[in-house]
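Only one chain is included here, represented as structure tokens and corresponding to the form predicted on its own.
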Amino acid sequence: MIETSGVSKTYHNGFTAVRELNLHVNEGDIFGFLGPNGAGKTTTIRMLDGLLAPTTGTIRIAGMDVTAQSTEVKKIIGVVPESHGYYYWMTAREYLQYFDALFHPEKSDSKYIDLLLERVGLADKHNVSVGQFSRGMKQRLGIAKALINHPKIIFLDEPTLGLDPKGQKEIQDLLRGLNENEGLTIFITSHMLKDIEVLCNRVCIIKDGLMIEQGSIRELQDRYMDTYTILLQSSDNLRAVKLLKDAEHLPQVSLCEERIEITCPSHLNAEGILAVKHRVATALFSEGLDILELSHKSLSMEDVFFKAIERGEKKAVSA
């Protein structure tokens, strides 16, 4: 759906905001685009949207060159910027009608506008002025506006910024529904890493205009996991910890709150980890203890992000 090849952007003052960016976003992805402030995220989004031309490199969306075919590309994308240009005196319905007229000047599609209002949970607020909307309601209206032209992909900049937990979940559920039910490709840039972890199947992390990582969240979690930690809960954790510590050929064992953590050496492969789990089960079952939970610890998106940024900084220093 999105392919960039060697994309760089250097401004007139000589500052290079993006360097040799090679993005790959599949159709149907919910793609997270991450980086610290000043990393080049906004510049990249503006190039993808066709608002800025890259200095070098090419950008293709749905097979079309964004620079050479900008008019056609704009017909299949929707954009939800961090700061919306709302017309507060308009009602929600009037607001969507206004933008619908820009895309379809020959005929307004009132039924589709009604459908959009229902889809984003604003059907009962269609006659309420936008000035009376909460931040979360405005965000939902912004998403409805981005869908007015039946896009194949939408770009969202900080879609849950400033929302309370309930508002964040409502936006997450809305975006997930659009992706799952309609196959919409979604490109999100956000500092809310929990959003990225909950929503996205693939991510890219950039710093100082350079891509540091790109891949599925699971791939990045595995890449930055220094050790494999088994999480265990038994019918008697205190007794289980003593048994496991006394057992031979078992790695480090500790009790953390209500779960037992068994830290495996980093060199163990999948077969070695399975052998550890077998020894744990055997040790507990032989003493009449039940296993209530057996899982493993995974890195959060926040852990992955900071580890990737740190590795990127070390590479820059060594270079």
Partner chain sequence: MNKAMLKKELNESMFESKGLWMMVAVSVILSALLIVVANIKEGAAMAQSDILQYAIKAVMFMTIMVSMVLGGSCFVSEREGHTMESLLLTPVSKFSLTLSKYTSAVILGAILYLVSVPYIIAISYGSGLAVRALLICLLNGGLLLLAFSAIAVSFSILTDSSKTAILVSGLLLVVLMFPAFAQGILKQSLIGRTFLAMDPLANCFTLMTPLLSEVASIGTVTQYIWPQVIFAALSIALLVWSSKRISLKGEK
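Only a predicted model underlies this, so the values are computations on that prediction, with no experimental measurement involved. Residue numbers count along the first chain shown, from 1.
What comes next is about the form predicted together with the partner chain, which does not appear here.
With the partner omitted here, the stretch from 159-167, 182-190, 95-103, 133-141 that lies within 4.5 Å of the partner chain by heavy atoms in the predicted complex is 95-103. Out of the listed residues Lys207, Lys125, Lys74, Lys152, Lys74 is the one that sits within 4.5 Å of the partner chain in the predicted complex by at least one heavy atom.
Of the residues given (Val241, Met211, Val79, Met225), Val79 alone sits with a heavy atom within 4.5 Å of the partner chain in the predicted complex.
At a distance threshold of 4.5 angstroms between non-hydrogen atoms, Tyr112 is out of contact with the partner chain in the predicted complex. At least one heavy atom of Asp49 is located within 4.5 Å of the partner chain in the predicted complex. Under a 4.5 angstroms non-hydrogen atom cutoff, the partner chain in the predicted complex has Met90 among its neighbouring residues. If you take 134-173 and check each residue for a heavy atom within 4.5 Å of the partner chain in the predicted complex, you get just Lys145.
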